[in-house]
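Just one chain follows, in the form predicted on its own, and it is written as structure tokens.
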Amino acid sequence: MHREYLHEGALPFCLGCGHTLIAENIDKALQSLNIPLLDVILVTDIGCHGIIDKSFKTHTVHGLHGRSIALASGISLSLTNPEKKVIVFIGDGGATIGLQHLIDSAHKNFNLTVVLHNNMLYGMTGGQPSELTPLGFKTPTLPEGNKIKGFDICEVVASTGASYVSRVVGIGNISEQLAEALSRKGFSLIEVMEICPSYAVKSNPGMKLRQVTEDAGLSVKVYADHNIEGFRPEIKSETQSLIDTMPVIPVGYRSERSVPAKILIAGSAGEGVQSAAELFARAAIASGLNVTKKGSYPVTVGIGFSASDIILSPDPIQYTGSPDPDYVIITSTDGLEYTAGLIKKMNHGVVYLDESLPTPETKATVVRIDYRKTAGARNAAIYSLLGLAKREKLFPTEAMLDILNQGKLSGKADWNKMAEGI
């Protein structure tokens, strides 16, 4: 066979593997449709079929297990030329791992074709059964036979309203059936039933592919053929820049800081640590400094620790966060637990610790201040950062007081009096 889309030479599959038949027949199908070589984008999944990447001359993208359809959907949506042909190679394992991606892509009718290589087991990892393994089918890890009937994925995909869905048995020339799927508008899926010669044949001696397919109740037919126009995203010609619309913080103060300052503040979720860090950063910017801020907190958000890494510098900063802060502020037990390991490793700098907390093991200088009693739990983080700016002469405290007195926190506390007491 003359190859146009595949390189010449042996394909990288075991002798007798149905993946070889699919790859060669895809080449034939593409030739029959006369699709330009570089108009084809092949997206493969994890699995034996995925090692075909290097054999294709087309564009190829190798995805993660079950995610090839999601990748292909994104590629399809980004293409302005509907004549480009996006093809997904995926196995029965990947299709069920990424079932939600498959259903969503079919339901939205994205412009792509899924070629589902169903050899009824996981061929790359030892022959485990998949969700499409037929009842009674034996594998090396299930020698007694599958006790659960695999579901009909063609019926599932057809029910989403996909443009085209069909099933074929991977024997002989199936290029015409593949071409049918490739030629349809919108989302098309063709499931190719095949055999793994390394695991399925040995586990099921004497089996015949057509008979297994028939016994499993998997009809070889076209399940859907609507030939519906594929999904086209709405293209906005004029989108307002998110950066250009951001308010500029005017510089009204001057910091005397000549070297960077790396700060970590840690407290409890719900006590305004992130907001305080943002106000502090805005005040530093208003004082002519460059600032980066990196927030950290658990996925529960409302409970546990809340911490923020802040870097101030007279020069541009190319990163966020720091493993060796100059100043650590701890306002609560949660904050102390979060920072305990880092503080123990510190051999320089200052740890500002709320008076209610035990003194941690560290070589850094420890300064105890009654943040929570003086300012209350909700204002402890702001009070501590206001104090840090004043004590360490990072920038004028007036810069932060201006932001506090003009913003939504105005009236929440007597910030000027708090600053005087520092």
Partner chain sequence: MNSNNIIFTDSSRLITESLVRAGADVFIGYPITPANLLYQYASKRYPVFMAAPDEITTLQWMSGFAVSGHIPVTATSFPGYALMIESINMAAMMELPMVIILVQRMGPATGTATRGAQGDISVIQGTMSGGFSLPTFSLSNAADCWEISAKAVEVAVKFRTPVILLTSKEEVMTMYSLDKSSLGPINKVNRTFYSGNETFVPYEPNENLVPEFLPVTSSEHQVRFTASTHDKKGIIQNASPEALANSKRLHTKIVSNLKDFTWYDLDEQHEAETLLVSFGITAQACHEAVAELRNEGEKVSLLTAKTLLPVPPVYYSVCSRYKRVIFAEENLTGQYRQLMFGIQPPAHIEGVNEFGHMISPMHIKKVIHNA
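Being a predicted model, the structure only gives us computed values, none of them experimental. Residue numbers count along the first chain shown, from 1.
This next part talks about the form predicted together with its partner chain, which is not shown.
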message = Taking its partner chain as it sits in the predicted bound form, is residue 171 near enough to touch it, meaning that at least one heavy atom pair lies within 4.5 angstroms?
response = no
query = Can you check whether residue 38 is within 4.5 Å of its partner chain in the predicted bound form, heavy atom basis?
reply = yes
key: Proximity of residue 231 to its partner chain in the predicted bound form, heavy atoms at 4.5 Å   = yes
task = Look up in the predicted bound form whether residue 60 has a non-hydrogen atom within 4.5 angstroms of its partner chain, and give yes or no.
result = yes
query = Among 73, 100 and 288, does every residue place a heavy atom within 4.5 Å of its partner chain in the predicted bound form?
reply = yes
note = Which of 216-224, 145-153, 196-204, 316-324 lies within 4.5 Å of its partner chain in the predicted bound form, heavy atoms considered? The stretch 316-324
remark   = Residue within 4.5 Å of its partner chain in the predicted bound form by heavy atom, from 77, 135, 342, 350, is 77
note = The one residue among 366, 64, 357, 377 placing a heavy atom within 4.5 Å of its partner chain in the predicted bound form is 64
message = Going through 85-116, which residues have a heavy atom within 4.5 Å of its partner chain in the predicted bound form? Please give them in sequence order.
response = 100, 101, 104, 108, 110
